[in-house]
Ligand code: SAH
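First comes one chain, alone, set out as structure tokens in the form predicted on its own.
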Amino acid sequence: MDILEATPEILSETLKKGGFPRFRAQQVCEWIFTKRVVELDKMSNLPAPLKAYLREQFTWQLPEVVHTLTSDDDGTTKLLLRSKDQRVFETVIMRYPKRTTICVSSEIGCKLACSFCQTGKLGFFRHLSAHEILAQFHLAQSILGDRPITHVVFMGMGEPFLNYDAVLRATNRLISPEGYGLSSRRVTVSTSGIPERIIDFSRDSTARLAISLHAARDEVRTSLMPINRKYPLATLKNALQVYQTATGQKLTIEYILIQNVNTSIADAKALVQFLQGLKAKVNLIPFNAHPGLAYERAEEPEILAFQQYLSTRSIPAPVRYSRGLTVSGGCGQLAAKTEAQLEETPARKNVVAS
């Protein structure tokens, strides 16, 4: 078993079987969850026989950091990571004055093929394990040093709810008092809209939910997000109403603004209608250009007019400008690229490390 998959209960039972006292399991948990250290050699208060036993019982290997790219513009860092099976995926560290957010991947590639997203151009390779998801947290923290990670968003490569079990284990470990102890308000899972999993999530986790909506008219959303054919807007909204009734939590709606695609007043009216009966805020995200797509970012007057229409209908709608654009670390730009590949059109070859 990978060490980051081991719950405190599993650790305690494993050490008990090895003849080690219970307090040793507490020490190991403190190193991993509180001090955020995964390297056995750094766990200075553990005796050598215990370390040897732990090496036998668990796998401690984390993904390898292949490349680290940091934007000169805003200090955002993108990590290109290599798994044991030589696949590569990405994590983004975003530094703000009063918080530090990491954007983690849940899959290598993605099945959904959203037309505005580079990850979808790669195709799908496999799900990440809970260990590999949590490893992104540890690797980012090692780069940040004494600066603690305060927020985690599942908005990297992949659709989290197509890898539900692993994402749920990772999410609940992040917010558990016996795990990393992050506030549930500071862990957000973003989904393109898998209705049955949205309902499951209302029962299974107290983490926050974000919806990648991007259009509130079926014909437009289907052109951007093929998943809308299977789960049209009416079906998605029904699941969101069930979720909100069960949790009472406000939803975050993500809406990428693409010129001449989804930014007309008719689109804004459709969005207001979709949100009727839901408690939600809308994050308006100007489209981030990347190779291989003809889409363009909406012009500033277009963005402001869309925002104003929502605001006058009492819908909070801040404009969120993506960070890390110069290192392809912005929304929709993750495609497992090295620095030399930033200007290339995404291709499946980029997801196998050389």
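Model, not experiment: these values are computed from the prediction. In this text, residue numbers run from 1 along the sequence as written.
There is another form of the same protein, the form predicted in complex with S-adenosyl-L-homocysteine (SAH); it is not shown, and what comes next is about it.
For the residues 192, 263, 76, 91, the 4.5 Å heavy atom test against S-adenosyl-L-homocysteine (SAH) in the predicted bound form is passed only by 192.
Proximity to S-adenosyl-L-homocysteine (SAH) in the predicted bound form, defined as a heavy atom within 4.5 Å, singles out one entry of 116, 124, 180, 274, which is 116. Not one of 3, 63 and 129 places a heavy atom within 4.5 Å of S-adenosyl-L-homocysteine (SAH) in the predicted bound form. Look at 133-141, 170-178, 154-162, 230-238: in the predicted bound form, residues with non-hydrogen atoms within 4.5 angstroms of S-adenosyl-L-homocysteine (SAH) sit in 154-162. By the criterion of a heavy atom within 4.5 Å, residue 267 is excluded from the residues contacting S-adenosyl-L-homocysteine (SAH) in the predicted bound form. Looking at residue 256, you'd find a heavy atom of it within 4.5 angstroms of S-adenosyl-L-homocysteine (SAH) in the predicted bound form.
In the predicted bound form, S-adenosyl-L-homocysteine (SAH) sits beyond 4.5 Å of every heavy atom of residue 306.
Although the partner is absent here, residue 285 is a contact residue: one of its heavy atoms lies within 4.5 angstroms of S-adenosyl-L-homocysteine (SAH) in the predicted bound form. Using a 4.5 Å cut-off on any heavy atom, the residues of 204-220 that reach S-adenosyl-L-homocysteine (SAH) in the predicted bound form are, in sequence order, 212, 214.
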